Ligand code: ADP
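One chain comes next, on its own, written as structure tokens: the form predicted on its own.
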Amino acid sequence: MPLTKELINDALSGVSHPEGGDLVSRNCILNIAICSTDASVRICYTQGNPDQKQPDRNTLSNMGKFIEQLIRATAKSEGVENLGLIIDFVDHAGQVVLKLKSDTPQNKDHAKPTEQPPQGTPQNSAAAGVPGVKHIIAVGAGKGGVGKSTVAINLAIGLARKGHAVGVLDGDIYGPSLPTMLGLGALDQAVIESTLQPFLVHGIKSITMGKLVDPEKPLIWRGPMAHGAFHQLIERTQWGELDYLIVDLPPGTGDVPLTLAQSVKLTGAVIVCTPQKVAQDDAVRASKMFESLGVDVLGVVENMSYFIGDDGKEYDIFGKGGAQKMAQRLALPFLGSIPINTALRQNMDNGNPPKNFDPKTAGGNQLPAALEQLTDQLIAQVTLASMNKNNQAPTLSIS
């Protein structure tokens, strides 16, 4: 039999709560996720009572070891010998107090705290926002070629179609994509009183290094130069009032993502990944980078998820569902999947992304439906993240 959430939940009912009762009866189990031979559990000891004192790290660590033993015993009884396990202890606001992670029971120790960022590393919570901008969302990926810029721009268009004021910052200093994907080729960059004026096309504002340099000249810059250029794009652009600013990051975990996370207050980050294993490995690293910098990962997007042939059959070219399984393993929200679509490529190459939302110009309804779902899921995750940061709980009114 497969390991199930119900079996893990039953096992956790055997863990006593410091204030009496057990973790399950006191609603301390916030989330249980299972994917094949991996599982994750999120626990809040102060659930329902924010005034209750949080156990210290040593106490939580000891509890975590006991919880691990119970879950492993349950998994073993179901034939799962090598269980990958993550246990997150969070406070009432949803912030992780202690993360315990172990890959297999053959590890030298039981679950142990994950490595913390070096002391002195600036955390995103201490960064400042951008005047007039409500939510800043980074779109990143562990590797290039996964369609990160495509996802960033279509998210921006999707948000604008729902009535939001949206801007896009092309943070890919070395390989800017916005000039092509937004059709900015014939437009000139305007500067008023040393302030960059964003382009307004397709209902969104945008700024890109691609309109400030020769489009055919490579930018052969060291890290500090890229760092400085990115700062200029952030600080010298007159965005005005925006509901969302989408930042398209370069791939990897280098200078620009680090600069953004340390200098600009982010609502969260979106990780883009294709289904195959090599892309997942790099996406995990990107997720861990944001986590170590105190940036919420709002969710994972699976791009190039599948292809629909002329015969109507669905072809999983890269192995559909890999990114979704990765998200489940890391206990991250899965925002949705985007199919491989000829119309999508044509519309982006022609600089007309709104056509991706019209079935007549998007090769059918699958792509528009996928992009609408992606946008709705992102808005939902932003709302949850904002409530957590404001220490608010959702309420239900019945009339």
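So that there is no doubt, residue numbering starts at 1 and follows the sequence shown. Only a predicted model underlies this, so the values are computations on that prediction, with no experimental measurement involved.
There is another form of the same protein, the form predicted in complex with the ligand; it is not shown, and what comes next is about it.
Undergrad: Since exactly one of M63, A39, L344, A370 fits, which has a heavy atom within 4.5 Å of the ligand in the model of the complex?
TA: Only one option qualifies, and that one is L344.
Undergrad: Which residue, L374, I43, M348, L330, has a heavy atom that falls within 4.5 Å of the ligand in the model of the complex?
TA: Contact residue from the list: M348.
Undergrad: Among 83 to 91, 303 to 311, 203 to 211, 67 to 75, which stretch has residues whose heavy atoms lie within 4.5 Å of the ligand in the model of the complex?
TA: In the other structure, the partner sits against 303 to 311.
Undergrad: Would V297 count as touching the ligand in the model of the complex under a 4.5 Å heavy atom rule?
TA: No.
Undergrad: Does I32 reach the ligand in the model of the complex if we count a contact as any heavy atom within 4.5 Å?
TA: Answer no; every heavy atom of I32 is more than 4.5 Å from the ligand in the model of the complex.
Undergrad: Just checking whether A362 would be counted as a contact of the ligand in the model of the complex - the rule being heavy atoms within 4.5 angstroms.
TA: Because no heavy atom of A362 falls inside 4.5 Å of the ligand in the model of the complex, the answer is no.
Undergrad: So in the model of the complex, does G319 come within 4.5 Å of the ligand, heavy atom to heavy atom?
TA: Result no; G319 lies far from the ligand in the model of the complex.
Undergrad: Thinking of G132, I136 and Q238 as one candidate spot, does the ligand come within 4.5 Å of a heavy atom in every one of them in the model of the complex?
TA: Looking in the model of the complex, the three residues G132, I136 and Q238 all stay beyond 4.5 Å of the ligand (heavy atoms).
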